[in-house]
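To begin, one chain is listed below as structure tokens, in the form predicted on its own.
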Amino acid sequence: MLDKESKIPLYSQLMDILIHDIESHMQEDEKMLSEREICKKFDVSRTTVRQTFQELEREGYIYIKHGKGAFVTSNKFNQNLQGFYSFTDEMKKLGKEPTSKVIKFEIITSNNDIAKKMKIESEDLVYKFTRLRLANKEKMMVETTYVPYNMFPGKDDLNRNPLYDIFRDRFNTVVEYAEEVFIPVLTNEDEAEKLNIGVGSPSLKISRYAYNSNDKVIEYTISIARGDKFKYNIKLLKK
């Protein structure tokens, strides 16, 4: 129970209790007690409960559906950015079954923007394909990838094998390093439909440039990762 004589604010004490409940026995998307029920159970004001819910939502423990209540947030996949990673490998490490669904596949003539990003000549041919990435059949991110035309065998292989495996096995090419840019965004209508989330939901836009040993860009990918499914961390070392 709450200690009303403590110097610790009531909302903070209540947060600790609810976090313990969430972490110890509650399930993803399980509904929390209502504000009224918590007020009665802990003998606190509606203002205290609302402040507690606001902090829990800000810390990522719950999400609130207006008119329906508060619910336990789904577990987020924790991605360490200190080393090279791939979606397929990371999901396997977590015991998840990664799958990809090719939504669109085409050969296009690169415009000036794509040519500049990939360090190729304008109007060079490139493969462009959009994939839906899933873990245990749950939609996680949508990716649009550009690959030089002379470095890719075709759509059939892509449906069966990870892109980097194709690079290695079919072209004897490996990704030596990659650069990524992260930008928080709100999902647009098309992305929301593909990911089965609400329009305007928070997501992370990730632009990846993958290079081979000759410093040639062999992949340029724009990913939209669901904000409720991923979190990223990096360890910063003092020079």
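The term rigid core refers to the maximal set of C-alpha atoms that superpose within 1.5 Å between the two forms. The first residue of the shown sequence is 1; numbering continues from there. As the structure is a prediction and not an experimental result, all values here were calculated from the model.
Omitted from view is the form predicted in complex with another copy of the chain, to which the following refers.
Note on the interface: of 95-103, 109-117, 132-140, 165-173, the segment with non-hydrogen atoms within 4.5 angstroms of another copy of the chain in the model of the complex is 109-117. Contact between residue 22 and another copy of the chain in the model of the complex is not found at the 4.5 Å heavy atom cutoff. Contact annotation: residue 57 falls within 4.5 Å of another copy of the chain in the model of the complex, judged by heavy atom distances. Another copy of the chain is not shown here, and in the model of the complex it never comes within 4.5 Å of any heavy atom of residue 42. In the model of the complex, at least one heavy atom of residue 188 sits within 4.5 Å of a heavy atom of another copy of the chain. With contact defined as any non-hydrogen atom lying within 4.5 angstroms of another copy of the chain in the model of the complex, the contacting residues in 1-36 are 7, 8, 9, 11, 12, 15, 16, 19, 23, given in sequence order. Relative to the superposed rigid core, the position of the CA of residue 234 differs between this form and the one not shown by less than 2 Å. Taking 2 Å as the criterion, residue 63 counts as shifted between this form and the one not shown: its C-alpha moves by at least this amount when the rigid core is aligned. After superposition on the rigid core, the Cα of residue 10 moves by 2 Å or more between this form and the one not shown.
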